[in-house]
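Only one chain comes next, encoded as structure tokens, the form predicted alone.
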Amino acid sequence: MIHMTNISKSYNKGEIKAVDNLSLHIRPGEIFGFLGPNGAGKTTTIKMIVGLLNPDKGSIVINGHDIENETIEAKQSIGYVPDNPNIYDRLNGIEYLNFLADVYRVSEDVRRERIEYLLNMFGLTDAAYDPINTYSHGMKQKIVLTGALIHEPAVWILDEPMVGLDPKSSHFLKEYMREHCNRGNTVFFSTHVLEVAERLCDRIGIINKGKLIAIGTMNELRGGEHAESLESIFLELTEI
């Protein structure tokens, strides 16, 4: 579903290497957690995956489409939630969702059903016609998630998706992520909540200083069956 091959990205005329020769293959049916300290290169990697940044070198293929050469086709497969979403806060919730449904060419009947389902899941039904600029941070996160998933994309790219969510909405999102992958789709998400990653992810990748330093299932990261937590593995690998 996601193939990244030898991608690199530098800033400040090459002085700062944010991502350094990163290769990852995220499989169909897989929830993949992408972890790392602040400044490790997680968000830069995600922005390259979704086409907001061009890598200095390397290639990225999403659902069979090269993000650079088949940009529209690749992006049609993606539902993207950034770490700091900027939304049209003078619209109300329904206007925002209909705008995104128009962008993704979701039919009237299908969008109505999906909007109703997602708003109900996130507890936003009563606020759907309120201006977004009256929403709390958590409500804005929910409306962004709803908009990103309205076209039922095969690949979800979520940068810190649980931030601001109440426990009930976070629970429903995690269940929805698993249901999505059980249908043969893919979720790629970053998080600082290591307990969530440990319980939810099929595989985990850890990036530090732009380099992938570990990847595997929890048992593979542990090096066996002994009960070492993801937190202790993470702290040891990143030398915090």
Partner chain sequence: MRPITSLIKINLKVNFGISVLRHKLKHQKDKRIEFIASAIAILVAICSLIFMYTFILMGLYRQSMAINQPGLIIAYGFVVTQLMTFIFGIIYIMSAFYFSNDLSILVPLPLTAGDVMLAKFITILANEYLVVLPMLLPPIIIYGINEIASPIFGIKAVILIIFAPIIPLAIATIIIMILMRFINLSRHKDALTIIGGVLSIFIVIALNVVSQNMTGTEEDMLFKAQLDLLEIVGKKFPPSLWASRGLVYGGTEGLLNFLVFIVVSLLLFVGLIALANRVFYKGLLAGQEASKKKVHRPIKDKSIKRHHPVFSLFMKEWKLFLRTPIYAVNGLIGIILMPILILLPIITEDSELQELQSLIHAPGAEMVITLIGIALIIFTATMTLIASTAISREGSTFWISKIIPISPREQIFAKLLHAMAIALIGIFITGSAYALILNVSPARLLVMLLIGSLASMAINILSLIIDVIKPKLDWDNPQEAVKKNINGLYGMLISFLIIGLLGFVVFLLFDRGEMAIYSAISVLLIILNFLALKLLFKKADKTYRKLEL
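Numbering follows the first chain given and starts at 1. This structure is a prediction, so every number in the text was calculated from the model and none was measured.
The form predicted in complex with the partner chain is left out here; the points below concern that form.
A single residue from the set M121, L149, V155, I115 has any heavy atom within 4.5 angstroms of the partner chain in the predicted bound form; that residue is I115. Contact annotation for the candidate site: T217, I233 and T238 all lie away from the partner chain in the predicted bound form (no heavy atom within 4.5 Å). Under a 4.5 angstroms non-hydrogen atom cutoff, the partner chain in the predicted bound form lacks G39 among its neighbouring residues.
At a distance threshold of 4.5 angstroms between non-hydrogen atoms, V193 is out of contact with the partner chain in the predicted bound form.
Using a 4.5 angstroms threshold between heavy atoms, V61 stays clear of the partner chain in the predicted bound form. Contact annotation for V163: none of its heavy atoms lies within 4.5 Å of the partner chain in the predicted bound form.
Heavy atoms within 4.5 Å of the partner chain in the predicted bound form are found in one stretch of 25-33, 177-185, 207-215, 64-72, which is 64-72. Contact residues in stretch 73-109 (any heavy atom within 4.5 Å of the partner chain, taken in the predicted bound form) are K75, Q76, Y80, P82, N86, I87, Y88, R90, L91, N92, I94, E95, Y96, N98, F99, L100, D102, V103, Y104, R105, V106, S107, E108.
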